[in-house]
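To begin, one chain is listed below as structure tokens, in the form predicted on its own.
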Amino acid sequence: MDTVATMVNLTECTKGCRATVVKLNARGALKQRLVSFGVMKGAKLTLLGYAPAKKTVEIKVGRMRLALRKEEAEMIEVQPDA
């Protein structure tokens, strides 16, 4: 299976989707914050849900739950697990 062909933006995933982080397009303080929470290349995450109007995305990384703004979630490229 071609990894590049199956990469999607985190906001393109549906509720309950389990995925592996392939790339972080964030920079500076935001990238440092995401990495400190465990959102880094190779990390497994689960998309728990969206807030109304999809302005906020809730994810679970390891035992930690995070709420990300839509703009932050769009910077995370993932490969959904089969």
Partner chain sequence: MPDNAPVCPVTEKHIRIALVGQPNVGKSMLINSISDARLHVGNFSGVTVEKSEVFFDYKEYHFTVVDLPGTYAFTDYSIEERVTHDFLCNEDYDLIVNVVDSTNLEKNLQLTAELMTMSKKMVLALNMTDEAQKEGIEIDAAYLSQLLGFPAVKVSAAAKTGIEALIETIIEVHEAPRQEAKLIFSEAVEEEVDAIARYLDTHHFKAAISNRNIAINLLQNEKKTYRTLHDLPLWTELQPMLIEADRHIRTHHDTDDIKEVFAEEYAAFVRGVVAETVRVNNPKAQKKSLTDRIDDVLIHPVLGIPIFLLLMWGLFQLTFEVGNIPMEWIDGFFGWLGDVVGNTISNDEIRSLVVDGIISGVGAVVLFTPNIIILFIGIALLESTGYMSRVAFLLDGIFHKFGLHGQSFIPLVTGFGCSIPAYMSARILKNDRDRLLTLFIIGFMSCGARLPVYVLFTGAFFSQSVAGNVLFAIYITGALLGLIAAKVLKLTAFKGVDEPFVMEMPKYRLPSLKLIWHTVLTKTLMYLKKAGTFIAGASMLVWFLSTYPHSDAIEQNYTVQMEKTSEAAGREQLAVERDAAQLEQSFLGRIGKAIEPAFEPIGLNWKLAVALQAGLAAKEVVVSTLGVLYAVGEGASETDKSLVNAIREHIPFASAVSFIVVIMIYLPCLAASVVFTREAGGIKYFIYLFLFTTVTAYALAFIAYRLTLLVTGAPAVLPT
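Residue numbers count along the first chain shown, from 1. A quick note: this is a predicted structure, and the numbers were derived from the prediction, not measured.
Absent from the display: the form predicted in complex with the partner chain. The rest refers to it.
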* To do: Evaluate Ala67 for contact with the partner chain in the model of the complex, applying a 4.5 angstroms cut-off between non-hydrogen atoms, and reply yes or no.
  => yes
* Going by a heavy atom distance of 4.5 Å, is Leu47 a contact of the partner chain in the model of the complex? -> no
* Is the gap between Glu74 and the partner chain in the model of the complex 4.5 Å or less for some heavy atom pair? -> no
* **Proximity of Glu12 to the partner chain in the model of the complex, heavy atoms at 4.5 Å** => no
* To do: Just give me the residues of 50-70, first to last, that have a heavy atom within 4.5 Å of the partner chain in the model of the complex.
  => Tyr50, Ala51, Pro52, Lys55, Thr56, Val57, Glu58, Lys60, Arg63, Met64, Arg65, Leu66, Ala67, Leu68, Arg69
